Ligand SMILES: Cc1ncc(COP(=O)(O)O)c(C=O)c1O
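Heads up, the chain below is alone and in the form predicted on its own; it's given as structure tokens.
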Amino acid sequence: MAYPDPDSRSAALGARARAVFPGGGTRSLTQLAPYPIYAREAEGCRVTDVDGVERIDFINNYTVQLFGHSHPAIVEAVVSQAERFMSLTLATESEIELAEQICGRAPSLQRIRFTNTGTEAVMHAIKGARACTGRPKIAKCEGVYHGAYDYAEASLDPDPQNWGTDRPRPVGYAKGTPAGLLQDAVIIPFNDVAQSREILDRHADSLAAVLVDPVPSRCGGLPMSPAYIEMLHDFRRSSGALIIDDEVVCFRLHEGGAQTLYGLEPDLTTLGKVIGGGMPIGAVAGTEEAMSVYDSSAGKAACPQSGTFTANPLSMAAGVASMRMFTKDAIDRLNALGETARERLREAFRIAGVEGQITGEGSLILFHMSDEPLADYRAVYRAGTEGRARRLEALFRSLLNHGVITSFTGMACLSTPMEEAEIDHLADAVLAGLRSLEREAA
């Protein structure tokens, strides 16, 4: 069955959804015109929709499912926990077990507090940095996604009409973002050492932290340079501002996280996705000193942090099972498979004679319908002009009908159930999609 099909079960469900959800959906990442594809079941690296169409899942709930869907060890852990209890107002041993699985994986991961999502983790890390320093401002790289907290959304998707000329300027993401909020957001260009340092120095006395992603997808999926990392370390030493390392996505790149892979030494790290084994989760981890602001054992914490479902037992159980499998051998194999995938995809572009490039690190893959050099958000923005964005979405739709699920924005990721056969299928599907694009353009 090809998508779209007005007689499909997914089409019928889409019609029902439009009667209860604004825009027909409750999650923008699943929105697709003329209707979303609805899942029936998933196992390993394959998802079957309600119409019985099976596809290889190369997005894995936006990098969550590192070990694929319905992994027996994770399912067993969740079922066993659910049979005992699902949520209550007592601490559980499993939260300690998961914390022990994470703490010590990198030198900075000395203490941890769990949250419900990556967005919450970033929010609490920002609040914690302010409590540590007594300062209000947060710096972040232009165009980089750090979740839905207002301060983290500053300059998430600026365009040439509002992003500033001589240096980046803070731009609101959601309509109605208060101007006062933007006054506490400092925007720096990713991997531009000189300009970033100049901007940071001008705000040094009021900056609580610099929030970074070592491998931001919106900056081309390229890693932070050693020179940029050293600049951040030096700025921290001179200013007293903290470094917040957002590894909600990129923790999957190394058993000790991206900070270990690239030599970043943060004060606070935000985590999520893979540490929960498919269940909702987030976490703030960091040095003992930085994390002390969340300590309420002797009274009110400098930065109170809690939540009804924080460290909920189901997420803890799934997380423990997941992190036990999060080993060097597993990650090294998956990263090597990721490099094989990028090589095969680059070959597909060459064979098809289509303008484009493949970037990414480890098990993360990004498609770009442009040959222009990518270095930061503005370069990626220019490479994704309207015509190229349409071609990227057309490729995504073609892949759906060749048994592959990726992101409509050009992101893909691998899971451990995958082998070279799945990579071959992906490369063949991409080549077919690119050739289709060329025929349509002719």
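Nothing here was measured: the structure is a model prediction, and the numbers come from that model. The first residue of the shown sequence is 1; numbering continues from there.
Form predicted together with this ligand: not shown, discussed below.
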D246, heavy atom within 4.5 angstroms of this ligand in the model of the complex: yes
Proximity of H146 to this ligand in the model of the complex, heavy atoms at 4.5 Å: yes
Contact test in the model of the complex: G118 vs this ligand, heavy atoms, 4.5 Å: yes
Heavy atom of K273 within 4.5 Å of this ligand in the model of the complex: yes
Location of this ligand contact in the model of the complex, chosen stretch of 313-321, 326-334, 235-243, 110-118 [non-hydrogen atom, 4.5 Å]: 110-118
Sequence-ordered residues of 206-221 touching this ligand in the model of the complex, heavy atom within 4.5 Å: D213
